[in-house]
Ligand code: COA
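For reference, the chain that follows is the form predicted alone, supplied as C-alpha cells.
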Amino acid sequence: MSEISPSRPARLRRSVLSVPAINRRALDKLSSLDCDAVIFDLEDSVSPEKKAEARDNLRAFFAASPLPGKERIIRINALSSNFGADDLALVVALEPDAVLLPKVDEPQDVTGVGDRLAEADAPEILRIWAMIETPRGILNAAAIAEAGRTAGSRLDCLVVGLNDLRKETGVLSLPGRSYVVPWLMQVVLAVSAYGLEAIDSVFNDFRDAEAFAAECGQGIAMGFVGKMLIHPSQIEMANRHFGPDEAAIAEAEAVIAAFAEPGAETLNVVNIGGRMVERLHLVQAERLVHKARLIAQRSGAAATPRTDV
C-alpha cells in the first residue's frame, strides 16, 4: 500500500467528552457544553439489552441536534460482537465526523472498518479513531498509526484507554501514572511518527479537581492534544490545559513573521532574538496559531491562556 501525506486540518480536541448514548438527559445537555468533541458511546456504558434503544436515541438526536462546532464521534461495539454490524450501519446512516473503534489490537482492525465504510460509500470526511486499550494495542501502536499513512486511510486519532489496560495487566491506578507512562509515550511516539494525534485517557474521579489538573498538565507535557472526559465538570480545565497559552502563541507568531521576511523564503534557519529556529518549526507554529484562532472563534473573544500550569 502506498503512503500519502499525513497532514490533516487542525482540529480542536482539547476536551473530548464521552456520553452514554442511552442517557437522553445527557444528550440533551450537549449543546450547552463547551467541549471540543463528543464521543457518543454505544459500547461499555450501554448494557446489552439497551443497545438498540441507544441506537434509536442517536438517530433522534442527530436528526434534531447537529452540534455545530463540535466534532462528533460514535464509539461502536466490536464488529466481532452481536452489535457491531448494526452500530456501523448506524454510523454510515448518521455520518458523524468519526467512528471510534474499541480495543484496536492491530492495523487490520482499522483497515477492515475502512474497507467497510468505502463499500458503503461513506463520505471520505467520515474518519476513524482507534481506542488503544489492550497490551497488544500498545505493542502494535506504531503499526496501527502507520495504517493512517496508507492510501485511502481514514485514521485520524488514537485514544488511550487505561481502565481496560490496567484491568488486563494488573497495573494499579496510582498518582502520577508512573508505571503506565512508558505505554502512554509509546502511543504519542507512534502518532508523531505518522502525522496523527493522540487523546489522553479518562480521569475517573471527576470530584478530585486537583489530581485531574495534575494529570492534564502531565498529558500536555507528554504530547497529547487533549483528554477524554467522563463528566462535564472536567471540560473547562481540560480546555485551559490543552489550549495554547499567550507566550506560546506569541512565540509562534514570531516564527511565522520571521519566515515571512523578504529573503527568508529560501532559508531553512532564521535568527529570532539570538535563537536559531529551523523551518520545521514553522509548520508547528502555523498549526498552533490556527488552533488559537479556532479557540477565539469558538469563544467569540481572544483565546483564554492557561494560568495554572
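Throughout, we count residues from 1 along the sequence that is shown. Everything numeric in this text was worked out from a predicted model, so none of it was measured.
This next part talks about the form predicted together with this ligand, which is not shown.
At a distance of at most 4.5 angstroms from this ligand in the predicted complex, all three residues P20, A26 and H231 contribute at least one non-hydrogen atom. Though this ligand is absent from this view, in the predicted complex it lies within 4.5 Å of a heavy atom of just one residue from A258, L282, L30, A248, which is L30. Although the partner is absent here, N57 sits far enough away that none of its heavy atoms falls within 4.5 Å of this ligand in the predicted complex. Within this chain, D41 lines the site of this ligand in the predicted complex, having a heavy atom no more than 4.5 Å away. At a distance threshold of 4.5 angstroms between non-hydrogen atoms, R75 is in contact with this ligand in the predicted complex. Among residues of the shown chain, Y179 is not one whose heavy atoms approach this ligand to within 4.5 Å in the predicted complex. The partner is not drawn, yet in the predicted complex one stretch among 102-110, 135-143, 222-230, 171-179 has residues with heavy atoms inside 4.5 Å of this ligand: 222-230.
Of the residues in 199-217, those that come within 4.5 Å of this ligand in the predicted complex through at least one heavy atom are, in sequence order, V202, F206, R207.
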